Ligand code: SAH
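Shown next as structure tokens: one chain only, the form predicted on its own.
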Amino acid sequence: MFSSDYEPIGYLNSCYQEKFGIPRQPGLVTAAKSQLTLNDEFNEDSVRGLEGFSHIWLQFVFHKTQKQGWKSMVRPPRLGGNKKVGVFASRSTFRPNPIGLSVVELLRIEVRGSQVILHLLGCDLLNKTPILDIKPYLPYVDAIPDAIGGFAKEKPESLFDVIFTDLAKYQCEQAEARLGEDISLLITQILALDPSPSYQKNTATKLRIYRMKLYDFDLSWQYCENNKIKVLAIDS
């Protein structure tokens, strides 16, 4: 008999503290580092040989949206948020079973005593995401050059130039020294892809100040003329 009682094998530590602003696919923001800490029962033997692979598949739970249920039709951002497609023709987080799949780069495997930590790059997952399974990425079968991508034929391009106020530059330097990460690059890659919802693309957008949480700070920005986004501040 089928059982749906699956336990996470570990949890992801990510820079993304809320759903808003997370890139819509993995690998788009290469400056986003994360760590997957496996539960205690999974020791070094459970990942033996995994270090030979550059990328891995993560199967995970959409833990922050699963209680909101699902609908048979959704509005993909790639279609401007105006056209509906079936939920199974999308990568919507609102699914009958709230399970996702992402391919990420494996930087290294760290073993601290009996604890195993996978250091990853390019994740599109929320902080504390429960991970159900790990599988190695196999280029000869997982990459299909002549596959057809439906309404998402090509990788999304950077839409905006990102500029920083003097205050934001200074605060970035402080955050980089504190966190040991390239915060300026991370912010630039996230905002260049335009994280705001498609339905908000109107004249009011230029006046609105947007905010999102990264690591231990709040990022605020504003849209400007000539396809520019201005980073206003990085407040702890």
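Residue positions are given as counts along the sequence shown, with the first one as 1. Model, not experiment: these values are computed from the prediction.
Omitted from view is the form predicted in complex with the ligand, to which the following refers.
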property: Residue contact check: residue 56 to the ligand in the predicted complex, 4.5 Å heavy atom; result: no
property: Heavy atom of residue 13 within 4.5 Å of the ligand in the predicted complex; result: no
property: Residue 126: touches the ligand in the predicted complex, heavy atom cutoff 4.5 angstroms; result: yes
property: Heavy atom of residue 62 within 4.5 Å of the ligand in the predicted complex; result: yes
property: Contacting member of 143, 111, 152, 101, with respect to the ligand in the predicted complex [4.5 Å, heavy atom]; result: 101
property: Candidate stretches 133-141, 161-169, 118-126, 80-88, one within 4.5 Å of the ligand in the predicted complex by heavy atom; result: 118-126
property: Heavy atom contacts to the ligand in the predicted complex at 4.5 Å, residues of 16-37 in sequence order; result: 19, 22, 23, 24, 25, 26
